[in-house]
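Below sits a lone chain in structure tokens, taken as the form predicted on its own.
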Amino acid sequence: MTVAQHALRPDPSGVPSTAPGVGFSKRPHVTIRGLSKRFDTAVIYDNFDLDIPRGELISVFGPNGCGKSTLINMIAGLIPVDAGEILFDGMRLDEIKFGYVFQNYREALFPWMRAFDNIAYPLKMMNVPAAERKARTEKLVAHLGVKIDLNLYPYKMSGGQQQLVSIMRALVVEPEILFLDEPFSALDYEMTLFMRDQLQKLFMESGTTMVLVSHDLEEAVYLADRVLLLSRHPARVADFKVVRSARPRTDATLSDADFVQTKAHCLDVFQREVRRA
């Protein structure tokens, strides 16, 4: 395996990045080069480069309006880019399988379908035979140890259960990469804590590369292998901070010295970028 050169541009502030510097050991899963995007007169990205390593959970965090959701939406093909190239192991988006989990679980699920059928629906769209759809969905549910009643319709389930169904629906196609856009923002705090641990479990069980947009710094650090800290637009990489806390992470992790130090570092970078406005 060749050593991938780190694609982040030097931070003009002189603050060193703790990203896996010149060459992390994993071949990049996603390679972004020269990405540019504007909305009217606002330049959101301008000649932006980034490598996303395979098999890691990357949290994207930064000031409001910096382009966090725009970034994953461009990578996932939901928003067209103005310029630049995004490749997945050298392939285009239409040559790979990916999943996407939206913020609003209420609008993401089909209310006339039971939870099980919602999960299996992408396989139906891929023309997978009914028996195989059922078998693959059951296998995923068993592998993840999900205990909720999947014969229920979405409106009979809690918000967290609905979002868990949304995540499993994204995973049933065995995606090479999964995008999550603030997936817990519509949940109450108790359910958010539950879903954080569920997502961590899903990540550890599946090994799928995940890119998560979060507006909560503690959540971003808690879930991530690396936190991608963005500046205000035109966005640049302010830091790509490695999170070294061991998995599985628990409530005890929040007071662990390494976690506290990492969170403090990310907060410092964030506040520095806010002050640049």
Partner chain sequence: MNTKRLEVFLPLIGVAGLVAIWSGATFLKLVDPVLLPSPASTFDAFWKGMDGRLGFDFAKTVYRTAMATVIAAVIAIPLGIVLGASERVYRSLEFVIDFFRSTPASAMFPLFLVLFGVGDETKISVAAFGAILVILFNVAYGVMNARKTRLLAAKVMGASRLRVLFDVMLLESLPQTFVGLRNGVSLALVIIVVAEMFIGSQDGLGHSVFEAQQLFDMPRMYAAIFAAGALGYGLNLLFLLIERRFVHWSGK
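Computed from a prediction, not measured in an experiment: that's the story for all the values here. Positions refer to the first chain, counted from 1.
The same protein also exists as the form predicted together with the partner chain; that form is not shown, yet it is the one meant from here on.
Undergrad: State yes only if every one of 217, 223 and 240 has a non-hydrogen atom within 4.5 Å of the partner chain in the predicted complex; otherwise state no.
TA: No, the candidate spot makes no contact with the partner chain.
Undergrad: Select from the listed residues 88, 203, 116, 100 the one whose heavy atoms reach within 4.5 Å of the partner chain in the predicted complex.
TA: It is 100 that has a heavy atom within 4.5 Å of the partner.
Undergrad: Within 4.5 Å, heavy atoms only, which of 190, 107, 174, 95 is in contact with the partner chain in the predicted complex?
TA: In short, 107.
Undergrad: Examine residue 160 and determine whether its closest non-hydrogen atom to the partner chain in the predicted complex is within 4.5 angstroms.
TA: No, residue 160 stays farther than 4.5 Å from the partner chain in the predicted complex.
Undergrad: Does residue 77 make contact with the partner chain in the predicted complex, using a 4.5 Å heavy atom cut-off?
TA: Answer yes; at least one heavy atom of residue 77 falls within 4.5 Å of the partner chain in the predicted complex.
Undergrad: Although the partner chain is absent from this view, report whether residue 131 comes within 4.5 Å of it in the predicted complex, heavy atoms only.
TA: Residue 131: no contact with the partner chain in the predicted complex.
Undergrad: Taking any heavy atom pair closer than or equal to 4.5 Å as contact, tell me whether residue 111 reaches the partner chain in the predicted complex.
TA: Because a heavy atom of residue 111 falls inside 4.5 Å of the partner chain in the predicted complex, the answer is yes.
Undergrad: Exactly one stretch in 180-188, 203-211, 119-127, 135-143 has heavy atoms within 4.5 Å of the partner chain in the predicted complex; which is it?
TA: Comparing against the partner chain in the predicted complex, the contact stretch is 119-127.
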